[in-house]
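Listed next as structure tokens is one chain, alone, in the form predicted on its own.
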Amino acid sequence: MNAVAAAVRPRSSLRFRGRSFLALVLAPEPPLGDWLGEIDNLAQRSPGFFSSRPVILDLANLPVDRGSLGALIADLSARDVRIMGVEGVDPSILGPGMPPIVSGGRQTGNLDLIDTAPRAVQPVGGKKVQGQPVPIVPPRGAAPAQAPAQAQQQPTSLLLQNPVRSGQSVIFPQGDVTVLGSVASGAEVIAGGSVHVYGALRGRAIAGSVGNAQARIFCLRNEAELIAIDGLYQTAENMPAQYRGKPIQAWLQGDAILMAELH
């Protein structure tokens, strides 16, 4: 009898859990060959930039049909760029095996910044990886803090007391990231606000990752492989030599990254 009861016992309900991730948004523009060339240059100058990172493809500025979209996805896949979804395209051109349509990515507002008057401003040209990263979820360990008024409020800054080692990736789309140490070569810090490094910046620092052109990058020793602000990036070989190994701040003005030495 017990065996029969066990056999007919109804199964428990399915349990669903929500989980979110941070994805980059790439918005290709014609001529497509030139745009893919910029992707190649970025990958060559900053190896591993797209490695194991999900990407959303925003096609609003690129007329495509099913064949050309499939070819573009194949070209990106050959470059180890993983497309997890597309937006800005007619769903009817999507075929079997193509990424799904996505929508609803959130942007955050501008953040208050430290008012630091720059000295000896040097304009630095930059290149855009079109589109903005989609802020989806706080990283592990960035749990919301309990506010006094019976409401939960997410932290707007992240403090790292240890250096960021090679291969590590710190992602904090809610605000500023402060590192009390160095950022090693091959490591990266991605912040929705500004990036502060109280040590040598040898890896990659990406500020304003969710659409904040007012974000800045500060470090006590500039040996960066790559810096980026609001999608505009600059690699090591294109930075002015006078700022290598120096304490600097970097900020965005129009389509140029500006740098100044900190005193």
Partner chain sequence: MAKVLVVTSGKGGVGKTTSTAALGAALAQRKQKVVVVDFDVGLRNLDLIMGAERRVVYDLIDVVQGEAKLAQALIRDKRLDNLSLLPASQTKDKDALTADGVAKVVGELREQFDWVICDSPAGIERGATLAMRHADVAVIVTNPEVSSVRDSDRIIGLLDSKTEKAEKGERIEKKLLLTRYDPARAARAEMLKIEDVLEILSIPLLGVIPESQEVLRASNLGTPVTLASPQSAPARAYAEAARRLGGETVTMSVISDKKSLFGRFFSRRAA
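Positions refer to the first chain, counted from 1. Not measured: the values here are computed from a predicted model.
The same protein also has a form predicted in complex with the partner chain, omitted here; what follows describes it.
Although the partner is absent here, residue 202 lies within 4.5 Å of the partner chain in the model of the complex, judged by heavy atoms. The shortest heavy atom separation between residue 168 and the partner chain in the model of the complex is within 4.5 Å. Taking non-hydrogen atoms only, residue 164 approaches the partner chain to within 4.5 angstroms in the model of the complex. For residue 221, a non-hydrogen atom is located within 4.5 Å of the partner chain in the model of the complex, even though that partner is not displayed.
Checking 160, 89, 83, 184 against the partner chain in the model of the complex, a heavy atom within 4.5 Å turns up for just one residue: 184.
Heavy atoms within 4.5 Å of the partner chain in the model of the complex belong, among the stretches 221 to 229, 30 to 38, 205 to 213, 234 to 242, to residues of 221 to 229.
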